[in-house]
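Just one chain is shown here, as C-alpha cells, and it is the form predicted alone.
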C-alpha cells in the first residue's frame, strides 16, 4: 500500500469523525475540552468562528456530528455534542471584544444579501471584517429568517436569536434593510452591487390536494406559515382537536406548538413508516413525551366538512412494498379507512423554493425543479456575480448547512471581487502540536470515562405546556456538563508514527486495548485489511500505513476503531508514537482565524 500522507489535511480530519461530519467542520473535541476546563468563553469562540450561532445551534442543530461520534463505537449513545455547545453559550462572559474588528475604512466593494437567515448572515459575518460594505435585505422587521419565524420559542428563546444576530448586524460594516422585501433581482443588480448573495430560503409550504380541501380552507393551515404567525404573535389559539400532516421537524414543531395553544387532542399523521420519518429522533421523542401520538402509513384521502366547517379527515391505510430493485412504493392494505375528527389541520408535508422576484430573462439558469443551476463548490450561478446558499440553493436542509454554504459563498464572493479564480479554493489552516509533557505526562486527559450519556434536564410538563414561550430544555448545568464532556474520546489527538524511531518491539501492539495496530508484510489494501489483528471492515475510513521499517514490514493502524487513549505512545520506549493535537479551521475570508480560534 502507498504510505499515508499525514501532511494532507484530510488524513487526520477524517479521523475526527464529529468534525468531518459537521458541514461547518466545527472543531468539536477542542471546545469540549475547554468546557471541561471551565473555559466557556474560549469554547464559545471556537464555535463562533466555525458555526456562527453557538447558542442557537446548541438548541436546534440537526446534529450530524453525533451519529458520527466515536463514542458510539464503544457504547450506544454518542457524546451530547450539540447540548454541550449550548453550555458554552449559556456560561460565557461578554465576548464582544474578541470578535474580529470591523475596519473603519472600507474596501470599496458593496455586497447585497437577499434574506436575513443563517446563510446570508454568515456571508455578512465573514465579509464585513474584510472591509466589504454588506447590505442585508429582508421582508421581516428583525433578522434571523426562518430561525426566528419557524422555530418555536419553547425550543429557542428570542433573546438568544437577538444576541447572536446582533453580533453580526450591530458592529458596523453591515447595513440592514429590514422590512424591505426585494421585488426584483434586476433592480438589485442595476443598483451597482459588486456581488449579490441570495439566501431567501424555501418560503413556500406544500399544500394538500384532496377532496374537501377548498371547502374547509378556513381551518386548514400551511405549517410554516402558521408557525410564523404564532412566532410573531398573530395566532394565540387553535381548536381542541388538531391533525398535523407530515413527518419532518416542521410537523413536530407544529404539533408541539398546537399542544401549547389549546390543542387537547393533537395527532400527527404520516404516510411513511416511523423509522422513515425525516424528523430527528429526539424531536419525535419530545412530541410523544408530551402525549402526542404519531400514526404511520396513513395517506390523506378526504377532508370532511359540514356547512363549510372542517369536521375531520379520512385516511387510507397503506403498507410499504419494494420491487426487485429495492424501490419503495406505498400500496393500499385493503383495510377500512381511518377517520379522525378535527377542528384544525396543519399541513407540514414539505417546502418548496419560490423565486417570483427573479426575472427569467436575466440569464440566470434554473433546473427542472425550479432550483438555480449552481456550481456546488463555489455556489456561483450562471450570472457570475450572483451566488446562492442555504435552502435557496439546493432546497430545504437545516441551519448548519446554511452556515456552511455561507462560508463557501463568502470565500467565492471575496475571490470574485478581487479578480481571482473563484473555483480555486484556499486550503484549510492546520496546526499539529505534540501533547507530550514528560515520559508519562500529557497535556490532555486521556482517561476514558465509562459513564453513559447524561440526560438534559427538562421543565415539568405542567409548566412547559402552559406557555408557548417557556423553554422546555433547561440545558446542562456546569457539573453535568463536565461529566458529559469527560465522555469525549479526544479523537482530534492523533497517534503520529515516526518510522525511523521504531525498533519493532511490538509493545504498542501488545498494549492496544482494541487491537488496532498491526506490524505485517505489505500487500494490496483489500487483502491487507483482512489479515490485520482485527479485520478493518469500514472501507470509508482509510488505514494509517507507514513503511521503511528495518524488517521490511509495514505498520498498519485501523483508524476506525482507535480510542485515542494514548497507551501506544506511553508504552513506546523510543517515542516512535506521539500524541499530537490536530486543529483544523476551514478557509474563511477574514484573517487570523486559527489564532483566534485555537486555545493557547
Ligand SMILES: Cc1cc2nc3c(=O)[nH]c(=O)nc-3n(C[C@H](O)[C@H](O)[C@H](O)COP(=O)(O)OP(=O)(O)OC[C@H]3O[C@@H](n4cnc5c(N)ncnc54)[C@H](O)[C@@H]3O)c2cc1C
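None of these values were measured; they are calculated from a predicted model. Residue numbers count along the first chain shown, from 1.
Below, we turn to the form predicted together with this ligand, even though it does not appear here.
Contact annotation: of the candidates 173, 263, 145, 205, the single residue with a non-hydrogen atom within 4.5 angstroms of this ligand in the predicted complex is 145.
In summary, among the residues 79, 227, 270, 196, the only one with a non-hydrogen atom within 4.5 Å of this ligand in the predicted complex is 227. Of the candidate stretches 467-475, 414-422, 392-400, 96-104, only 392-400 contains residues with a heavy atom within 4.5 Å of this ligand in the predicted complex. At the 4.5 Å threshold, heavy atoms of residue 51 stay clear of this ligand in the predicted complex, well away from it.
Shown alone here, residue 366 lies farther than 4.5 Å from this ligand in the predicted complex, counting heavy atoms only.
In the predicted complex, residue 351 approaches this ligand with a heavy atom inside 4.5 Å. With a 4.5 Å cutoff on heavy atoms, residue 357 counts as touching this ligand in the predicted complex. Heavy atoms closer than or equal to 4.5 Å to this ligand in the predicted complex belong, across 139-177, to the residues 139, 140, 144, 145, 146, 147, 150, 151, 155, ordered by sequence position.
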